[in-house]
Structures are given as structure tokens and as C-alpha cells.
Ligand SMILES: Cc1cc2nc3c(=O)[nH]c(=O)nc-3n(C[C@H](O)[C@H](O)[C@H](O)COP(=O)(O)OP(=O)(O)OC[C@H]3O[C@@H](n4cnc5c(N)ncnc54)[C@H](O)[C@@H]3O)c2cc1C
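Consider the single chain below, provided in C-alpha cells and representing the form predicted alone.
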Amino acid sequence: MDMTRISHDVAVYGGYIDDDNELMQSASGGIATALAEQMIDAGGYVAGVAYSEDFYKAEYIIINDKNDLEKLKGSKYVETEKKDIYKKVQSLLMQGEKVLFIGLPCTVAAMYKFWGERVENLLTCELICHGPTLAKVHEEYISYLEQVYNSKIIEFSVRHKKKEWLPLYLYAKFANGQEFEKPFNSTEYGFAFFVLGKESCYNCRFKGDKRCADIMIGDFWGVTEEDEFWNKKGVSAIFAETDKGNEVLNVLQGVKLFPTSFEKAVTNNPMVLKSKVRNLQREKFKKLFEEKGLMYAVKDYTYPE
């Protein structure tokens, strides 16, 4: 790993939310939930990504009620509709409201570019990004599941926890009471996520020392039972990129934080530093996907005639 693009962080932690129920509902260590709860408790707003009501797309919403936090929980591995989210956040900031903005590094950078400067009442949290797949992949997979189960999806997650953090499961619950559960990497959705990324993600401009949020969070891959911050239900790698971010983390309620090194946090988390790697068969897969759809493209790729 190229360590010349070293940490510019104020501090780095391993940690998790100190509530087993909340932790099991979170993708990794639940730190985003804790940050969101703290912001709402302070009378502020949270801008983050939720699935649409029919689960066919992922889109930005703004909440200021903890009852709506469920909508923001869990990773979304797909392109997100931004719509007028930057204008909405700007409007709140101009009114003097506090806002927590959670998103991928490129989205956080766009927020700062739109606003033009850093302001005290805006707290930003970026996610360690592996590069989302295309929106059409998600749409087709949701449609496929609903056809197979002949029912509408009422719950969906690409990072469902069964009893522990790993392995990752894709989970769907249907209006007719049926459920679908399968290891994410074994699904057509998972296959497409690794093969069919957005073009810009193969040369990301927001890695390493180009990160710009107050805080970065993601899975603490590589943590073991020998580490003091091990938790079988999920652990987050947490990077305080600014003094402001570190101050917020150090007064964060209901979490356990353990100082660690940048090197340890990125050893098994290369996406902090590196762009998504282009799959050699991406263009072939993309062509098949565009012409014949997700299920055919995955089958052809996996079991070519």
C-alpha cells in the first residue's frame, strides 16, 4: 500500500455504539447513528441517504426526528439521487440551524463547493467508499425479487446482520410475509457491485489526503478478538479529520472509542487511500447488462457458454 498519502487526521479510533440493539441495526459500528442522535438532540438536522418508499432508488432526505433515523441506517451500495439537497442544507444553515451531512467523499466535497466555505453549524461525515454500483442494478434487483416472491418489498438491506457483523447478508421482507436472505457476495447484486462501478470511481479525486469531511467512518476491516475494541456485532474505523470532528467524537454519548493508529485502520481498509479497481471484464459485463439485464449478464459472466 502506498503510505506516502499518509494521514492528515487529528485522531483515529476504533469503536462502536454501546447498545446491542442499535449496533445490530447498523452496517458496522453504529457511529453514524450516534452522530445523528446527538445532532437531533441538539435541535439540529441530519441529511443522509434513505431508500425511497418503494425501495427502487436511494435518495437524500433531511430529518430532525429520531423516529426517522431508521430510514438512514444501513449502507446503500448504489448511486444516490441528490436532487436539491445542497440547496436545502444551505437554506437551513443560512437560518442558523445546525446540520449533520452524511455522504460519500465526493458528495461531501460537492456540499462544500456548493456552500463555498466551511461554517460552524455544518458538521460533515464521509463514508469509506468502495464505489457504488449503477442505479439500474438496484432497480432491476428489486424488481426481480418482487417478481419471484409476487409481493412488494417492505424492508430491504444489503448489509443485514443475522447474529453477528459478518458475513454480510442481503435481506428483503415482503408484504406477503415472506423473507429473502442470502450472503451479499453470492447475489447478483453483490456481483454487480464489485464489477460494475461508476466510471468516476476508478479515478477518485477524494482519497487519501484529499478527504475533506470533519469525520470519516466505515468498517474496521481486519480487527480481531485480540484488539481491545473488538466487538463481534460490528466495529467502525473512525477518522477525526478536523479538530471540530474530534471534539464532537469526544463528547459523543453512548459509544465506546479506542484510540488507534492510522496505519492499523487502513491496513485492511485500502479504500481510504485507493480508488476502486476496474474489473477487467467490466465493459463486457456492462454491455450485456445494458442489452439483456442484470440476471442474464451475471449468468453469462459466471457460466459462459
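Not measured: the values here are computed from a predicted model. Sequential numbering from 1, following the sequence displayed.
The following text describes the form predicted together with the ligand, which does not appear among the structures shown.
The ligand in the predicted complex: contacted by all of 7, 245 and 260, heavy atom 4.5 Å: Checking in the predicted complex: none of 7, 245 and 260 is within 4.5 Å of the ligand.
The ligand contact at residue 130 in the predicted complex, heavy atom, 4.5 Å: Close contact exists here: in the predicted complex, residue 130 approaches the ligand to within 4.5 Å, heavy atoms only.
4.5 Å heavy atom contact, residue 39 and the ligand in the predicted complex: Looking in the predicted complex, residue contacts with the ligand do not include residue 39, since no heavy atom lies within 4.5 Å.
Exercise: residue 187 in contact with the ligand in the predicted complex, heavy atom 4.5 Å: Taking the distances in the predicted complex, the answer for residue 187 is no, it never comes within 4.5 Å of the ligand.
4.5 Å heavy atom contact, residue 151 and the ligand in the predicted complex: No - in the predicted complex, heavy atoms of residue 151 and the ligand never come within 4.5 Å of each other.
Stretch in contact in the predicted complex with the ligand, which is absent here, among 223-231, 73-81, 110-118, 136-144 (heavy atoms within 4.5 Å): Partner-contacting stretch among the options: 73-81.
Of 266, 49, 255, 249, the one that lies within 4.5 Å of the ligand in the predicted complex (heavy atoms): Flagged contact: 49.
The ligand: the contacting residue among 85, 122, 217, 195 in the predicted complex [heavy atom, 4.5 Å]: Among 85, 122, 217, 195, a heavy atom within 4.5 Å of the ligand in the predicted complex occurs only for 217.
Heavy atom within 4.5 Å of the ligand in the predicted complex - qualifying residues of 140-160: Stretch hits: a single one, 159.
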